[in-house]
Structures are given as structure tokens and as C-alpha cells.
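Just the one chain here, the form predicted on its own, laid out as C-alpha cells.
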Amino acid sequence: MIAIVDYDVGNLKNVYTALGDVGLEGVITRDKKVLEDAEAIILPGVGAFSDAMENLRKFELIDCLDANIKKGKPLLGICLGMQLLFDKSYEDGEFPGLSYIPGEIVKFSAPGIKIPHMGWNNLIINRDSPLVRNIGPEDYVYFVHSYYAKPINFDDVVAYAEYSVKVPGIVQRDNVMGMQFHPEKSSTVGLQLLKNFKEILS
């Protein structure tokens, strides 16, 4: 069973449906016991970084996430959920994140580019990982975001997209993983990525 964290900032139903499409049983929850018992945790997210962190605090979920990460349980952050995995964000101020992956969330700043970065981009593999098995340069995924991750160590980036800079699309540090794009909105490529996540759990 995969726990999809319900903290009022998420694309929960689509993620739940996509898990079912690859044969994973999901449950939408903020119950700490369910999170504790889950095989893995997915942290979705749509909206503002500061609101998301405030809601995790409000529902007293941060200590629970920390404890599960320390035990080695796989966690996958999606879109805003991936950004929360980093140390801090500069979205509308400066706000601390969960600090599972060293780095910051910053705004696109190149002159002339459209913000938000919205649409389909292919992924460029930066390093080997089971997460990108059967994924190649011709495979496109769907992004919608105005801020992107700047990890301290680029080896934490499994795959990136080019959009004025190298935009981390998939990150991984040990059992903590993230996808900046929406796998649940990325057609067959997104389902392949979720199948790869499933294989990691088996």
C-alpha cells in the first residue's frame, strides 16, 4: 500500500488513479499510523511552497515524514512535493523545506523565457537509476512550474530538462526521490516512470 499524503495541497485523485493504472494500491491519508504502515509514501503538491510547508506543520506530518525517511522508506515527491524535499525556497520570500536533499528552489530568471515553464519536455539522463529504466531522449513529460531546484550536488539529479538552464526533472538521494513534472499527466511515459517506482519497491 502506497500512502498519498493529504495535506490540502495536492493533485490527489489523479495520482491515486495513476497508481492504480500500474497496479499499485494507493490510499489518500494524513493518518500517521497509515503512513507508518505504508510500503512507500508519495508527497504530491500543487500551489505555493510556503502554504505547503505550513500545512505539513498544521497537520503535524513533518516529524512523521522524517521518521519514515530515517527508516529507509521510499518517498516520492511530485511537482511541488519534489520542491519541498530541498532545504529552502525563494518563492515569495525565503522559506525552509524538509532538507532531505541539499539545495534550493529558485525562480527562472533568463531574459525572454515564458514563466511558468509549462508544457512537454524530454528528459536528459544525468546518471543511472532504476527510476529511468526504459526512458530515452525521445520520451516527453509534462511540466508546470515557475521555480526549479538547484541542488548542491548535481549527482542528486537523475534526469533533467533544458529550459534556459538544466532543470532537474528527476532527483534521488538514497530512498528520497522526486519528479518535478507530473507523471500522472504524462501519458505512457508517466506510467512507465511509475512502473519503475513500483519495481524499486518490489
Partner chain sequence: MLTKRIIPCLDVDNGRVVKGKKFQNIQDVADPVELGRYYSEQGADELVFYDITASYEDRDIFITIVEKVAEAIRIPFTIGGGISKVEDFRRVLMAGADKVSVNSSAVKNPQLIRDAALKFGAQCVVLSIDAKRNQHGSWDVYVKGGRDNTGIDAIEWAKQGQNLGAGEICINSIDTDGIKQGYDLELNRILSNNLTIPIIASGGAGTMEDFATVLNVGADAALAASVFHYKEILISDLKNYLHKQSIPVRRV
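Predicted model only: the values in this text are computed from it and were never measured. Residue numbers count along the first chain shown, from 1.
If you look for the form predicted together with its partner chain, you will not find it shown, but the lines that follow are about it.
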TL;DR on 170 to 178, 31 to 39, 157 to 165, 52 to 60: the one with heavy atoms within 4.5 Å of its partner chain in the predicted bound form is 157 to 165
Just checking whether Arg127 would be counted as a contact of its partner chain in the predicted bound form - the rule being heavy atoms within 4.5 angstroms.
no
Query raised in the report: Is Glu25 a contact residue for its partner chain in the predicted bound form, using a 4.5 Å heavy atom cut-off?
Result: no
inquiry  = So, Pro96 and its partner chain: in the predicted bound form, are they within 4.5 Å at any heavy atom pair?
reply    = no
Original post:
So, in the predicted bound form, is Lys114 in contact with its partner chain at a 4.5 angstroms heavy atom limit?
Top reply: yes
Taking its partner chain in the predicted bound form and a 4.5 Å non-hydrogen atom cutoff, the residues of 1 to 27 making contact are Gly10, Asn11, Lys13, Asn14, Thr17, Ala18, Asp21
